[in-house]
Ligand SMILES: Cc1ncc(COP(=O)(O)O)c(C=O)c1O
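Starting off, we have a lone chain in the form predicted alone, written out as structure tokens.
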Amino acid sequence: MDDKYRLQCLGCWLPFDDHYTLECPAQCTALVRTYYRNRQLDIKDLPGMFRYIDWLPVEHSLPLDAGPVSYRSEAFARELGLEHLIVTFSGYWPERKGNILTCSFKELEAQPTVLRLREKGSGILQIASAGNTGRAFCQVSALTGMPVVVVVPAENADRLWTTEEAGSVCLITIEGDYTDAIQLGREIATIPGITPEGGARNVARRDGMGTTMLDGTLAAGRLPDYYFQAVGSGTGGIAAWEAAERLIGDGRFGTHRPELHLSQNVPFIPMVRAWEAGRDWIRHEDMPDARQAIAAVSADVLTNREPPYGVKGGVYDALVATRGRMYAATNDEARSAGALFTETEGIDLDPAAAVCVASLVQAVERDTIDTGRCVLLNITGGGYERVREDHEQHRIEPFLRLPAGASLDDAVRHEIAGWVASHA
């Protein structure tokens, strides 16, 4: 392999070069995966997540000191009776050198995605989000000047803020939930000059999130036995599996796959239901009263109605390959577990991270893990209280506000196309 990396379809195994390619050129429906020339990870003297640039699908780095930080827990581990608990934290926590100012590991997706488009593609990125992903891309836009089009549910628009003024963000809100934002985003991506970021099909997003596995493994000195994370689409779980496979190929961190222990927030638990039924597909019955269920959860970023669950290389395959498990945590369980983590570790958590902590508590109480083995707990967001104390927050005002069920008529398309033309 002469290039830094190549892409390969996980269905037909076709290898091909990257042109910001999101899908197999042979129209296979499987995910594509990155295969890097360097089989051993060489840590670079670069800021933030770019210390892992060898295993990111980009040629250059950004001067942003934002990446995951990992440490061995003592106080929280003692409360649960865990002998070897590694916490990987993606958020704002100055005392731990956590410098993700938007307080979410979605910045680990945004940074390499923006770079990959600049290097391998063209156009202005379009992102659909429940809040955290959109905020991350807005922050990277504010820091780099790269324009983005972001679609979010109207009720989540207040989550869109940056710590620097953002002059190149086209924020569009729609009355509805996360899936409504995704569907509208697909329509917007048909406007000339706009490029969809790709979601789970974007290798930059997956490999960016995979740096949490890399960072946690380095902190532990070995691959963990168990990996815990809360999931909405499950892309982070896929990313952890892929990163672990690369670390096994490295040869210095062990030969076993960490078990994926993934969690969702009751009452919206479609992947939990499908997995417990032994199915590699999600049925409508797995999401009864979906809108009502989504409105009832404390962590609505975990409520994707179209997750990459059964696709080749998706969540189901990751769980099977790692002999993983899925958990369902209630709002009360998440609040209680999150409060315990904050009390013992000293940092506030994103609601999704609290769901993850609740799943670890369940695992200990139900004896589904060996408390003497190595656990990697992926805290995907936190530090909101601290960042408000230390940094000014600039709210992103919507460019367009669309009603429920809105589609793109000629007038709306013309407005968005005009914004694109002025920012291209």
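A quick note: this is a predicted structure, and the numbers were derived from the prediction, not measured. When you see a residue number, it is the position in the sequence shown, counting from 1.
The form predicted in complex with the ligand exists for this protein as well; it is not shown, and the discussion that follows is about that form.
**Student:** The ligand is absent from this chain, but in the predicted bound form, do 132, 233 and 301 each have a non-hydrogen atom within 4.5 Å of it?
**Tutor:** Result yes, every residue of the spot touches the ligand.
**Student:** If the cut-off is 4.5 angstroms on heavy atoms, which of these, 150, 209, 214, 136, is the one near the ligand in the predicted bound form?
**Tutor:** Comparing distances to the ligand in the predicted bound form, the residue within 4.5 Å is 209.
**Student:** State the residue from 108, 260, 244, 352 whose non-hydrogen atoms include one within 4.5 Å of the ligand in the predicted bound form.
**Tutor:** Going through each option in turn, the one that passes is 352.
**Student:** Where, among 51-59, 394-402, 380-388, 361-369, do residues come within 4.5 Å of the ligand in the predicted bound form by heavy atom distance?
**Tutor:** In short, 380-388.
**Student:** Though only this chain appears here, would residue 141 touch the ligand in the predicted bound form if you measure heavy atom gaps against 4.5 Å?
**Tutor:** No, residue 141 is distant from the partner.
**Student:** Consider residue 88 of the chain shown here, and say whether it contacts the ligand in the predicted bound form, taking contact as heavy atoms within 4.5 Å.
**Tutor:** Output for residue 88 is no: heavy atoms all beyond 4.5 Å of the ligand.
**Student:** Tell me, yes or no, whether residue 104 is in contact with the ligand in the predicted bound form, where a contact means a heavy atom of each within 4.5 Å.
**Tutor:** Output for residue 104 is yes: heavy atoms within 4.5 Å of the ligand.
**Student:** Can you work out whether residue 126 and the ligand are in contact in the predicted bound form, taking contact to mean some heavy atom pair no more than 4.5 Å apart?
**Tutor:** Because no heavy atom of residue 126 falls inside 4.5 Å of the ligand in the predicted bound form, the answer is no.
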